[in-house]
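Before any questions on how it binds or moves, here is one chain, the form predicted alone, in structure tokens.
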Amino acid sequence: MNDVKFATGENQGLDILKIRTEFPMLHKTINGKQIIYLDSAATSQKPKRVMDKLYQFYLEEYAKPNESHSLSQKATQELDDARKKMADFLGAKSDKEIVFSRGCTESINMVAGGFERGLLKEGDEVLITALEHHANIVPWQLACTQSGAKLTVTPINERGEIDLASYETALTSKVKIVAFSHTSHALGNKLPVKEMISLAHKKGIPVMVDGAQAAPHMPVNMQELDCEFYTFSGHKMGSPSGVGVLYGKKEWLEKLPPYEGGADMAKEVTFEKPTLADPPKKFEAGTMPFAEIIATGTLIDFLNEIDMHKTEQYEQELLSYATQKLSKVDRVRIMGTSGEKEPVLSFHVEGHDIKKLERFLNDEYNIDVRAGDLTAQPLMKILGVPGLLRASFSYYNTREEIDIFTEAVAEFIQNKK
């Protein structure tokens, strides 16, 4: 039952067998059973060429950027190239609109902290949605606590979709920024981001989009979205850990106060006050994870090569197939049934402990998934469940893996494990 075969992806012009050779982890076996990795929403597997670049840089090219010697000059050039690649990847107007951070959470904190210190006051409001990850709730709560502003929340319907009418009503003159996910990490639902951004802009309100779950699964273009800020983590799309991205419109990066102080984020420092560097350096205090950022440039090359338009179509095929299969399993209730989703299936099993199911899948079939509150405790209360089991797919997964997964879930339920 655990003999994994390979889908071809030929409908999208993808060679899935060839793509999977880039991911050695997918061929690892434990107790004679091959790993089936269905937890890419937590973190994705890394292409070999990305890790080869990281290994090469540390062994043969390592030096801190922005020094004078030749090794440093080469590192500086590679770091600049990675920033330019990211700008092109996101459709930014300039690489000066790309700030590197240490993760999506830090990027969100950069925006929330900047608004707290310079742009929020008592009586103002920050608007988020009921679908948010804790990382897009807590930073805004802290910002509101410190500034005297109020956090307001847009509700969702029974399908896990944003109530646009309620959202539009909430866009009052008190709202100074709107922050929401591009897609829900817990349910997979895609939010109507273009409409939400447009409605906010009609009221002159800036928008920050948390793209942590969207950027790995679909092409995103900042000129098309037109949001003021967009954030995501590299590790969810194949980069080494510790790399985040904050896109910000030039005028907003200039307006926003810096998140941290330190070396390189100031042009000149005296004992009286610093003269801040221009964006993006203004937000990159201290020594950044420059080796990992350089390797992220190699990841962008890889994603452009395999074509994210094609991988998105393939992942949507996997999602549709998995939804059909899982819907036939007794006692399974899929949560988040919007017509447009990222490749995520989250579900509750009536009468069964999903943590026990998670352990069963891993112990018996080497299937890696995630179960629990999915760092969305307020959402779980709205849904009326203690937690969900989430299976998340990527372009390196196959239909055969989904077959094994759904059969294993059915086995667990039938045998009342």
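Heads up: residue numbers just count along the shown sequence, starting at 1. Quick caveat: nothing in here was measured; it's all calculated off a predicted structure.
One more form of this protein exists, namely the form predicted in complex with a small molecule; it is left out here, but the text below deals with it.
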Q) Going by heavy atoms within 4.5 Å, which of 267-275, 309-317, 232-240, 138-146 lines up against the small molecule in the predicted complex? A) 232-240
Q) Could you tell me if residue 217 has a non-hydrogen atom within 4.5 Å of the small molecule in the predicted complex? A) no
Q. Do residue 76 and the small molecule come within 4.5 Å of each other in the predicted complex, heavy atoms counted?
A. no
Q. Would residue 296 count as touching the small molecule in the predicted complex under a 4.5 Å heavy atom rule?
A. no
**Q.** Close approach of residue 105 to the small molecule in the predicted complex, 4.5 Å, heavy atom
**A.** yes
Q | Contacting member of 178, 245, 212, 187, with respect to the small molecule in the predicted complex [4.5 Å, heavy atom] | A | 212
